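Consider the single chain below, provided in structure tokens and representing the form predicted alone.
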């Protein structure tokens, strides 16, 4: 049995696909939300969830929260004098969910689908899978949170045909995903986001503002008066929630010992002031939204519905701000706290090939650009450390793309191909995924071509190939992130299946002849025609290396039509210009 888990910054949930539909699993307290908080008591025992969340107010030095933001990093979290990593703390939350699920279902649960922000990189996804394994799960799939949310909507509305924008603002992360829904199919078109922006930042900003009114700074107060800050943070979180129902709320500023009584200073917060206070954070949402629209080659007018996901989307200021900026009122037909976990359960049903979802199909995109390190000639000097994309972010997967690179030294015998993930212009700003060593390059001048092909599938498996055209030698490696949860046998099978969507038009004899034919007749046409012909040949040569079958076929057809119009028809290699 596979459960679906939303491992959140603030709260986590677990769901199961049963009786033909996704259902949430209650925790030991009968609720569905388990706070992602870990506490350690004096006797060394561990508390998870609601009890730990309450203890965070009175004994903050014995509690940890918001550790999801540290997934994939080397940073440690100290609780009661002990050091923990983010995966270790996350595993404790996951183990609590596992125990609750087993109690509710009356059987052992050892497989899970776990969701992550769409913009998590490979290290963050790897850390999430590690947390799942430490909790005793076999992690069958790591799924993007907006994709999981879309699965919930798609499951309940399979006959819809529309363009959706899913805005997912959780406790610590923000994602935006644009997708198409049609005839039971969900096609992810583009995704973007920010992994350090969430509802907790809105609370922190309010805490900081309230402290400033009494002459205190948040950073120093957290060190010197931790009980005051922890109690105030709880009050500010409640005030933030209260603004969803009231135009104004009161915040009582606690004493330095964290006590709160009616003699303490009262701070009144109005919704208009809160909106003004949060304007800088709200403005940060627009960057990922606009980037997703650009990548999808759509405008906001093409979007039929904007869907809210994540508990932080309940803030009225968020809905008002986006309605004003986008001109579309966001909707939340399902509980924004629960929709991701329910979608994870639908994904679990797809993996289990449950008959209730056998008419659902989902396509996804590559969330980050994939490429290699190159040198550039700058000011007469070679400078290394630059990033050259092969597969751009938001390319629909599975996909196979090729890029042409070259040697930098005469008679260069070998090279090391370093593969990176990210959007930075330089590789130092991106994530190193692996390397491929290429040897036995035949002697030749600097600039000898090397073809590099990336093939990327829906499991996140990347096959990297390097082809030396002058010798025909091929080198390859498979970079399979641990977050895939696949065994070596499953990875080998996936690599075999990847061969079917590889496309090598440059290797076909007819295309080689066509290229030679074009190069011969360039000198035969009139000077007025040459520029136009050369431009068509350049585009077709680009298509030869693109790995895009549709692009290749259309550019080849256009080139053949041009050749015929110039009086040089190509008929399969028997031409005599």
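Positions refer to the first chain, counted from 1. Everything quoted here is computed from the prediction, not taken from an experiment.
We do not show the form predicted in complex with a small molecule, though everything after this point is about it.
- Though the partner is left out of this view, residue 241 does reach within 4.5 Å of the small molecule in the model of the complex, counting heavy atoms only.
- In the model of the complex, residue 189 stays away from the small molecule, with no heavy atom inside 4.5 Å.
- In the model of the complex, the small molecule lies within 4.5 Å of some heavy atom of residue 311.
- Contact between residue 281 and the small molecule in the model of the complex is not found at the 4.5 Å heavy atom cutoff.
- This chain is displayed alone, yet in the model of the complex one of 372, 315, 450, 79 has a heavy atom within 4.5 Å of the small molecule; that residue is 315.
- Shown without its partner, this chain lists 117, 132, 199, 460 as candidates; in the model of the complex, only 199 has a non-hydrogen atom within 4.5 angstroms of the small molecule.
- Here the marked residues 146, 177 and 364 all miss the small molecule in the model of the complex; none has a heavy atom within 4.5 angstroms.
- Checking 248-256, 430-438, 166-174, 352-360 against the small molecule in the model of the complex, the stretch whose residues place heavy atoms within 4.5 Å of it is 166-174.
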